[in-house]
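Just the one chain here, laid out as structure tokens, in the form predicted on its own.
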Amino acid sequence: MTFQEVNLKRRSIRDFLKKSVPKNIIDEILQEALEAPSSSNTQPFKIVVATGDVLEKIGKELTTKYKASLTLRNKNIIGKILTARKYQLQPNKVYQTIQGKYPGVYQERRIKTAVGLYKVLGIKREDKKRRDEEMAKNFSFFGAPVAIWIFANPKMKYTALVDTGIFMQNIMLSATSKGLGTCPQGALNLWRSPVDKYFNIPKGYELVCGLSLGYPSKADVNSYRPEKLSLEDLLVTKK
């Protein structure tokens, strides 16, 4: 495929085939992703790649946390504290910086995207149960056979996030060029303890984001493509 074809074909996949991805293909994707530029070639990131039984165990633990978090809605302050402690629901440090309502136009775009996605899924806005169920799929990686968590060294400050984002985009484009799909998921940044349980993350590295990787199914949800900015909205005008 040409770059244009790869770029246009890439989208967030939310339903994967039950088909494993060969290790050599995963390694190729990561090797190609390492061609990403970074500030003075510092490459301030580390990644976790989980598959098989380990991935299943992490998914079950994350799902348990998510379901426990839903019960907080109906508890008093004491109940919330006790439940949060029992299930270790304190959000990951980086995630805490993006919690809550987005400011201004960004919240409008967020809602518009969600409405479009729920329309494809046939979920009505008032159907909270279905929305919760759909959200829960994040923690079973939408059925993907591979999940990747990306960590960055905060000592590099904002450049670590810039570099991580470029590296992550390379992963997604490389995967697309090989007939695979990905879904970058902020939800996988919510709790990192299940990942720490199975992997030796270097001290000091913070979890930035996660993504699911696998072969896309033909489910309608995978056809969804949210509206992008026009060049008119993107470009800053001259004074």
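When you see a residue number, it is the position in the sequence shown, counting from 1. Quantities reported herein were computed from a predicted structural model and do not represent experimental measurements.
There is also a form predicted together with a small molecule; it is not shown, and the following applies to it.
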Of 182-190, 32-40, 64-72, 45-53, the segment with heavy atoms within 4.5 Å of the small molecule in the predicted complex is residues 182-190
Heavy atom within 4.5 Å of the small molecule in the predicted complex, from candidates K228, K18, K23, K218, belongs to K228
Answer key, the small molecule contact in the predicted complex at 4.5 Å (heavy atoms) among T113, Q107, T159, T83: the residue is T113
query = Does the small molecule come within 4.5 Å of any heavy atom of F151 in the predicted complex?
reply = no
Proximity of F142 to the small molecule in the predicted complex, heavy atoms at 4.5 Å
yes
Taking the shortest heavy atom distance, is C209 within 4.5 Å of the small molecule in the predicted complex?
yes
